[in-house]
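The chain that follows stands alone, in the form predicted alone, written as structure tokens.
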Amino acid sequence: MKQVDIVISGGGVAGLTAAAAFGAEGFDVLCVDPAPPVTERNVEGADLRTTAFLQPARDFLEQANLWPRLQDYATDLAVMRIVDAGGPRIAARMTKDFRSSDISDQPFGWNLPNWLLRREMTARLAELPNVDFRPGVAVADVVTRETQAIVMLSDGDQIRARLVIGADGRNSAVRQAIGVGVKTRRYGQKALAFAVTHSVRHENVSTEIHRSGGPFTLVPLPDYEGRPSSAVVWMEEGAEAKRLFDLAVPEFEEAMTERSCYVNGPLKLASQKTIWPIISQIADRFYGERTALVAEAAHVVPPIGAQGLNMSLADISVLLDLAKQKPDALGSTEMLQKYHRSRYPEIQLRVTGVDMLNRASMLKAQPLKDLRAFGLNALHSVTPVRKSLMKLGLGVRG
């Protein structure tokens, strides 16, 4: 039976980052995922969402030697623009800019498409002799003991590991195998994700437009086929999201342009569309015997404020720091309890905060939408409050 330091279940962006980060520190790593990663933009199954790596996440990617592979593809996010379109007609009635220059000499973050991240991250894993990435292989079961875990794989292999990391998503098989429950909030929303081109240059501004049903967010991308381009996440109540998803392209372009309040001019669809349900979720604890839960195996938030994956990379960063401090204690109960204590309170706070923001974005009643706009104006107008909110969003303390 093969012995490794760490088995990682999950070959998404979080799992691949964990494999690269632990591999760069000399740990023997096996990473598995049942689905081979789709690494091209216009191929069936491509993940058309994007990830905005905020400043602390970028620093961690540097540490893992991933950022040199990614930086040339990244688009700076210099301004976070919030647009209130909650009036009687679909139009911008209030616009507030949160500028990174108010708190830093760097952008808020750097945006990259998820399909491209998987391409570059799998290429990085291939350079590491102590990392074995097996796409097309799943974790079938996990049996843990005080000194090790035995991981049964779908290809029949059995692996001994000192630590198992569950990075296998909101329906995590690893989390279920170790008997950890979750608390889930359902909103009746779905999110559409796709890429667009437009006539107005985005000028590195990420724009979040609030009306009802959820935000419509435009995140800057590099030019596509000679035109300015952005990634879009459009959240709506489930039935309406499905109706929009099924529209023919001309009708869909008309609908999304109207919903965008024309902030970047007419929008043209520049990719396939994907759709998925929106939930908030947090695991009852982030560890089990010889097992750590990270990313969506531990917590899920609606796609607001670029929080999701940045929270996930913070999980991995804390876990890696603990492993480096006491390599001989990798996977021990003491290490995993420290990980849980470090991450759980902050994650609980952020899950609650994003839940409140999402509920506010869904408001339908006109008086409540007016109150939301009043709150946005008040928060933006007080400079110390505005700066504190920006730092909190970045995960920067002090």
Partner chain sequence: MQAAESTVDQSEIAKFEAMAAEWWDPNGKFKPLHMLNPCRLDYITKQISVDFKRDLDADKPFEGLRLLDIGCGGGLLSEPMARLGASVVGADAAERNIPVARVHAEQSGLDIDYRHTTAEALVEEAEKFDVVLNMEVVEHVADPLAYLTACQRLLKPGGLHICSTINRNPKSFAAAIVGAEYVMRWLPKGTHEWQKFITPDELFELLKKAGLDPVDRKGFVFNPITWSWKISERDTSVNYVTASVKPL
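Numbering follows the first chain given and starts at 1. All of these numbers come straight from a predicted model, not from anything done at the bench.
Just so you know, the form predicted in complex with its partner chain exists too; it's not on screen, but the next bit is about it.
S.K.: So in the model of the complex, is its partner chain close enough to Leu247 to count as touching (4.5 Å, heavy atoms)?
M.R.: Looking in the model of the complex, residue contacts with its partner chain do not include Leu247, since no heavy atom lies within 4.5 Å.
S.K.: Quick one: is Ser212 in contact with its partner chain in the model of the complex, heavy atoms, 4.5 Å cut-off?
M.R.: Ser212: no, not in contact with its partner chain in the model of the complex.
S.K.: Just checking whether Arg99 would be counted as a contact of its partner chain in the model of the complex - the rule being heavy atoms within 4.5 angstroms.
M.R.: No.
S.K.: Since only the chain is shown here, I'm wondering whether Asp105 would be in contact with its partner chain in the model of the complex (any heavy atom pair within 4.5 Å).
M.R.: Answer no; every heavy atom of Asp105 is more than 4.5 Å from its partner chain in the model of the complex.
S.K.: Can we say Met152, Arg160 and Gly288 each have a non-hydrogen atom within 4.5 Å of its partner chain in the model of the complex?
M.R.: Result yes, every residue of the spot touches its partner chain.
S.K.: So its partner chain isn't shown here. In the model of the complex, which residue out of Lys183, Lys242, Arg201, Arg145 has a non-hydrogen atom within 4.5 Å of it?
M.R.: Here the answer is residue option Arg145.
S.K.: Heavy atom within 4.5 Å of its partner chain in the model of the complex: which of Pro129, Gly226, Pro88, Gly156 fits that? Just give me the one.
M.R.: Contact with its partner chain in the model of the complex is made by Gly156 alone.
S.K.: Quick one: which of 192-200, 233-241, 106-114, 279-287 gets within 4.5 Å of its partner chain in the model of the complex, going by heavy atoms?
M.R.: Contact criterion met by 279-287 only.
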